[in-house]
Every structure is written in structure tokens, then in C-alpha cells.
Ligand SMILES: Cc1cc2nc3c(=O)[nH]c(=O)nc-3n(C[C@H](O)[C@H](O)[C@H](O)COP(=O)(O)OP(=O)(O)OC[C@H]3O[C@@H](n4cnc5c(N)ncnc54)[C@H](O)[C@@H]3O)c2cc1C
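Only one chain is included here, represented as C-alpha cells and corresponding to the form predicted on its own.
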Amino acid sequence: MPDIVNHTFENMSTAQPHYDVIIAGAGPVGLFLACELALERCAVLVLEQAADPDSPLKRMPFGLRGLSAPSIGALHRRGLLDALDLHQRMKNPFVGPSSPGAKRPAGHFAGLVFHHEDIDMSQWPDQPDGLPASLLSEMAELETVLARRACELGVTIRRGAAIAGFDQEPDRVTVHAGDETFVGGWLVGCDGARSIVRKAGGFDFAGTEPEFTGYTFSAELSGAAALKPGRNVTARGMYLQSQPGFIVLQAFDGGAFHDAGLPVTREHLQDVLRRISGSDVTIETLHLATTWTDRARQATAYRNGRVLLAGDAAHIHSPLGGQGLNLGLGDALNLGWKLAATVQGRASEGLLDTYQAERHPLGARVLDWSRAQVALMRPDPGARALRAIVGDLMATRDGATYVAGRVWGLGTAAVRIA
């Protein structure tokens, strides 16, 4: 990862300036929002809990995320697309290899693959020429590029600064992190699914509980030839082998293992893998492992006074289909110029309230898209029957075009990019 000059939590002066906006979280959403605000000449501080932005999980195949058409267009307009090594990874590793002469996989819905040859691209005449509708991005690289641009624009990034809480007043927000306080006109929580800003701000986070525990891990395997490539739904769950030794599992236990907070051991993973795949594959050495669920929740309001939410802080769902990153980037695009105009006194009355009005319905739509995929992947006869019907529909031109439009964000209303 290229070096980035950051202001570290330990080395900052104790004198605290007043910032126009304080952002909690230096992930892609927080950094992109910081760039949008800085372009409008706002003074921005980003506080990030992690002292080191690097993570092995972000640099592995399961650290790849799909960028949809609106995200690609936004990065292109901001001059950031060419800084990403995206075009070398246009082939989706999650749908398995194609044989010579076969149709080209374009993505999936609940593991059901749709193909480029079946998609009617004439349905989206406004799609810019020369820009693809989807690309894969490595999370670590995307964060690096956005952090570098933020620093170039004068954004202050403080790493190792875990927010403990904040006090909101009519004209400011005072944020507490460690032994220091920071004062800003506004606070935006981009601090992920376990958002401290959301919890401390009293936001209601409504939704549905999980149906499965997901496992993502890297390991040395023996007997791996018994595992099929790509995403495979079985009578006992789902397994995905994107590359040899990189595995994703879905065990329909109601999210019990993940929520219990138990350590992910080699023995446990091997048992789950064997049970779901029906094979005798052996995990010889476990390198990295993490768990997740399909819990789907959304803040009922994205704003409480001078505190706002964006990205996973505002909505969480299963990573199936990889739409969480794009939803968060869309939040940042929508909120950035509106908040900047409000800060500078240029906004019309009620402009900032349109952030909630425009983004909340899109978030709810993505959550339902995720829930629908989970429903098709349940290990029961009803889900298998429904899955077969949906698969037949996706093999038609209209079906493939509809799914592609949803996955690639081509059916989403355009956002303003100044």
C-alpha cells in the first residue's frame, strides 16, 4: 500500500480548531464524503478508530467489492477512476470460470449467474460511452486513493482516535475521543455497522434479524478438488470458492455463531465446510478468518439535529451482491454538496432534509434486495423450487436485463455531481 501522510492521534497539538464538519470513520464512505466537502472549501476532520488503515482482509480476493455504474461515473468525474487498478479485474471471481465459447458471466443474484450476452444495454441510453457498468475494486486500494485525495484537499485525518461520544448544541457538536475533544459545526457518522455515532445519537435502527452466520477465510486445504468453483448452494447452506484456498460459507444457524462472539477455529471451520459442501476437505492451516451475518437494519432517520449518518452506520445488510459500498458512496455524493451548501449558508430551506427523503428509500430497496437473495438460498425445498423458477427467468433477456440494472445501479435515479 502506498504511503499516506496522516495526522496521527498522538502527535496532534492540544489546540483544537473549529471544523465545519467532523466525520467519524475513514473508510471509503467517510473519505469520499470528506473529499466532496473539501472540494466545496469546507474544513473537515476525519476521526478513525484504527491506528493502521491496512488490513489483510482488505487485500485478499474477498476484499474485492463491485463498483456500480453510478459509483464508477462519480469516481471518473472526480478524476479518481484512473488512479485505481480496476480494469485488470473486470472478470468477476465469484461466479466461477467460463469454458471456451460460453457466455460471459456478468454477476449474480443469490448465486444465480446472469450473462453479458443476455443483457439489453439499450435500456440505458444515458450510460456514458467508454465507462463500464461494473468493475471490481480492492478495498485497501480504494481507501488509499481516497485518503490521498482527501489529504491533497486539506482534510485532516486522525487515526487511532476512537470516538467515545459527543455533545450536541444548537450551533455545534463537541466530539470526545480519548482525552481530547473536537468541535465542529456538524458530525457525520460513517463509522460502520457498529457505529458509535448512531448509538450515542439515539438513532432508531430497525430491521430484521439474521438467518445465517457467514464465514470468510483463507487457508491451505487438502482434498480441495472436491469443492466446485464459484458459488454453490447445497441442502445445508452455501459455499463459495473464489480462488484456491479462499472460501466463503453461509451456515443457516440464525446468526448464532457470529453473535456469540466465539473464536473461529480451524476445527470449527472444517466441520462447517464439510457439512455444507458434503466433502472430506481438510483445512491444514488456517491463515485468516472472519464472520458476518445477513442482519438487515436501517436507521429510521438519517439526521438528528446536527448529526447525520451515512454508509453502514445508516444501513446494514448481507454483503450478497456487494451493494453496500455503492449505497454508501451514493450517500456521500448526495450528502456532500447539500451539507456544504448548508455550512456556507447557500442552501435553500429544507435542502438538507432531502438527503433523508432521497436516500432512505434507496437504502430500504437494497435491504429488500439482500433479503430476497437470502430467501432463495435457504436450504429448504420451498427455496430450492423458487430458486429454479428465478433462475429460469434470469436466463431470459428481460430477466437478465432487470437483474443487471439492479445490480449495476443503472435503474437508480441520477445523483447531482457538481
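These numbers were taken from a predicted model, which means no experiment stands behind them. Don't overthink the numbering: it's just position in the shown sequence, from 1.
In what follows, reference is made to the form predicted in complex with the named molecule, a form of this protein that is not presented.
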Site for the named molecule on the shown form, pose borrowed in the predicted bound form via C-alpha superposition, classified at 2.4 angstroms from backbone or C-beta (3+ atoms blocks) as blocked
Checking G111, G201, G322, G73 against the named molecule in the predicted bound form, the residue with a non-hydrogen atom inside 4.5 angstroms turns out to be G322
Exactly one of M139, L269, A341, V183 comes within 4.5 Å of the named molecule in the predicted bound form through a heavy atom, and that residue is M139
Of the candidate stretches 280-288, 203-211, 161-169, 217-225, the one with residues having heavy atoms within 4.5 Å of the named molecule in the predicted bound form is 161-169
| field | Contact flag, L367 vs the named molecule in the predicted bound form, heavy atom cut 4.5 Å | value | no
Given that the named molecule is not shown alongside this chain, does Q49 nevertheless sit within 4.5 Å of it in the predicted bound form, heavy atom to heavy atom? yes
- Query: According to a 4.5 angstroms non-hydrogen atom cut-off, is W292 in contact with the named molecule in the predicted bound form?
  - Reply: yes
*Contact flag, V155 vs the named molecule in the predicted bound form, heavy atom cut 4.5 Å*: no
Applying a 4.5 angstroms cut-off on non-hydrogen atoms, the residues of 183-200 near the named molecule in the predicted bound form are C190, D191, G192, I196
